[in-house]
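In the block that follows, a single chain appears as structure tokens, in the form predicted alone.
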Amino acid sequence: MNILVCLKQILDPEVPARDFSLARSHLQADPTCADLVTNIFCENALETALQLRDRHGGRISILSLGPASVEDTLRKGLAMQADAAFMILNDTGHLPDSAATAKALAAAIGKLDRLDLILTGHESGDWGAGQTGGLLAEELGLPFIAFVDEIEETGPDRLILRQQNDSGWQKFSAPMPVVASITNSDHNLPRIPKIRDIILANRKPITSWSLGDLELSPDLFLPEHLLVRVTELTIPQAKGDCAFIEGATKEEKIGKLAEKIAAIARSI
């Protein structure tokens, strides 16, 4: 089985609120305010692929779109024992939306050998849109199943995919190739790479494509061409007011407090 896992690099979502800051444009977070890490749901997807390969054999490739720093994410994926890594370099300085990301990923996938299974995280830890997997399937003309937490091969051309839903789980039988977005569960926690694998990963080649190599225009990522546009980001300012309720008796204080609460409710 030939599996591709799409990985996204994001700003560490565990960054303390006091350290978080915005870029000058106020259209994205300041990339220097915290470490860059691999999106955890993408790591769940890679772990799902690794377990599937352990049971049935095959080959796992990883693919990431972003600035030069995404090489670190791909190196970690190689250290987790992915077989090959591919990178789409976005040096435009603009952040693509899910639709533009899907177009770029689909263009890169067109350069790869035939794939049986394509996995993404079910959402990212920064924007949390949860749309890339479905849009990628649409670009490729393939079936798509979301919120998958377990995959099993049942034959040379079919997979059983278990999907989490509000009431529990349901299973789908899907022909290969298929696209799935992976959610987290107890049995797809990402493995910790061994020191030896980390060292070997740093020696492995990573195939890098520019947007031009994929016959894509850099204008694809321009804000005015995106279907979802960020107009401005702001950091909420904490504000609190304190007022003392005066009164000669407890009953009088309770009455004045009730009046203040009613006034606030009327103003909302």
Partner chain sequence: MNTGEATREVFWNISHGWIMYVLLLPTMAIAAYGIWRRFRSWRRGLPVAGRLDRPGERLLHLWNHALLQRHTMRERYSGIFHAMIFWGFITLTIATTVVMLDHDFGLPIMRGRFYLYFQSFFVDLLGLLALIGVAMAGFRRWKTKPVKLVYSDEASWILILAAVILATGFFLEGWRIVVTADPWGTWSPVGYATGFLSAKFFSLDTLTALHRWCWWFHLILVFGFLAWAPFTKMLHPLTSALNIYAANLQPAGASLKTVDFEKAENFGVNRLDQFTWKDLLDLDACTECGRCTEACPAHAVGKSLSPRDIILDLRDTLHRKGGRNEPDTGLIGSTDALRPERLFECTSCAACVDACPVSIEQLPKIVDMRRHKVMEEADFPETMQQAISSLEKRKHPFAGTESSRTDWMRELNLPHASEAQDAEVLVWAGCGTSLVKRNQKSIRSLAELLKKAGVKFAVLGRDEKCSGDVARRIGNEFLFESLAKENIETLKKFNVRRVITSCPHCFNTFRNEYPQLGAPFETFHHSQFLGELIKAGRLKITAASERRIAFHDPCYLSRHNGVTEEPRALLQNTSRNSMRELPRNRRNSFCCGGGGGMSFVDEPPDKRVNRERAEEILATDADTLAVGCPFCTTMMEDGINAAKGDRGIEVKELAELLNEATSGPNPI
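Positions refer to the first chain, counted from 1. As the structure is a prediction and not an experimental result, all values here were calculated from the model.
The following text describes the form predicted together with the partner chain, which does not appear among the structures shown.
For the candidate set Ala29, Leu214, Ala34, Val228, a heavy atom within 4.5 Å of the partner chain in the predicted bound form is found for exactly one residue, namely Ala34. Interface residue among Pro193, Pro143, Gly125, Gly130, judged by heavy atoms within 4.5 Å of the partner chain in the predicted bound form: Pro193. Of the stretches 59-67, 232-240, 195-203, 44-52, only 195-203 has residues with a heavy atom within 4.5 Å of the partner chain in the predicted bound form. By the criterion of a heavy atom within 4.5 Å, Pro16 is counted among the residues contacting the partner chain in the predicted bound form.
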